[in-house]
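Consider the single chain below, provided in structure tokens and representing the form predicted alone.
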Amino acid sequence: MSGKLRVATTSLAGCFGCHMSFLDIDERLLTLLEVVEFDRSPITDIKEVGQCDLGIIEGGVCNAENVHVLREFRKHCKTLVAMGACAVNGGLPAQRNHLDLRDILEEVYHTELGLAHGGIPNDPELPLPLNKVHPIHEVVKVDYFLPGCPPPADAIWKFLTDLVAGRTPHLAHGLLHYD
């Protein structure tokens, strides 16, 4: 394993679609394994991140646990990539940003059918929600941004192979699209 680039991934507030797109590079994962060693990722199921050369993170920051995970992840990764719309700009979870969090919780837990007269969850096991959903660069330094919702597998492949080869990633027109 020596001489290989150590890579870790994690997910915050989002749908996990970027990781699914990452896995869609299919058999090219085997080629990637010739030059990288995966630390925390869906491939390894390692929960704690070790020291890594490259960290790839998807999802926005919507609660206190996301902040903690993001900061710890950043500390362990020499280079950090924000992958997907949620990590880059907050994505769909940030659609709640123009609303007051208290109003949202009131609507969901006290007004909506099926949940009416329930209580707003207040358990120490639940992470404290933030007032707004933030893209990750508002919390930690990000070295590269890979946009898309999710970025297509071919874009992820090109981006990673450029980085692994020591090149600045360049995605030609057509690799990224916003449907």
Partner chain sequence: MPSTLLNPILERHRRDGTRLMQILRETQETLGWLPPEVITAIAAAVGWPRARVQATAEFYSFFHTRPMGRYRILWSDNITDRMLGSTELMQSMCRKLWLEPGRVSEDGLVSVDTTSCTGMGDQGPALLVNYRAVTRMTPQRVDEIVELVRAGTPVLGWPEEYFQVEDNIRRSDVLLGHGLTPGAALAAALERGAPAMLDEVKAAGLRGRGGAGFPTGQKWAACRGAEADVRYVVCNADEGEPGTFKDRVLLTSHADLVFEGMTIAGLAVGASLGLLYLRGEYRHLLEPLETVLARRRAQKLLGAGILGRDFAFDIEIHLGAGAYICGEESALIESLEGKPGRPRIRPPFPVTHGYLGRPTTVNNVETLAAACLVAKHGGAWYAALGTRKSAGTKLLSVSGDCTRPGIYEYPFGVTVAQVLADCGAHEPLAVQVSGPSGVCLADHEFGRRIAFEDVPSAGAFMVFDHSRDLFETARNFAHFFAHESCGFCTPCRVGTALVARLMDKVAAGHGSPYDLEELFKLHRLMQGTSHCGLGNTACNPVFDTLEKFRPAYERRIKSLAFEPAFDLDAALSQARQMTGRDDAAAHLSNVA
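Bear in mind that the values here come from a model prediction, so they are computed numbers and not experimental data. Residue numbers count along the first chain shown, from 1.
Below, we refer to the form predicted in complex with the partner chain, which is not included among the displayed structures.
**Q** Looking at Ala153, Leu29, Leu130, Ile43, which has any heavy atom no more than 4.5 Å from the partner chain in the predicted bound form?
**A** Only one option qualifies, and that one is Leu130.
**Q** Answer for Lys141 alone: is it within 4.5 Å of the partner chain in the predicted bound form, judged on heavy atom distances?
**A** Contact with the partner chain, yes.
**Q** With heavy atoms only and a cut-off of 4.5 Å, decide whether Arg71 touches the partner chain in the predicted bound form.
**A** Arg71 belongs to the contact set for the partner chain.
**Q** Does the partner chain come within 4.5 Å of any heavy atom of Thr79 in the predicted bound form?
**A** It does not: once the partner chain is placed as it appears in the predicted bound form, Thr79 has no heavy atom within 4.5 Å of it.
**Q** Spell out, yes or no, whether the shortest heavy atom distance between Leu126 and the partner chain in the predicted bound form is within 4.5 Å.
**A** Yes, Leu126 sits close enough to the partner chain in the predicted bound form that at least one of its heavy atoms falls within 4.5 Å.
**Q** Give, in sequence order, every residue of 50-67 that has a heavy atom within 4.5 Å of the partner chain in the predicted bound form, or say none if there are no such residues.
**A** Contacts from 50-67: Ala64, Val67.
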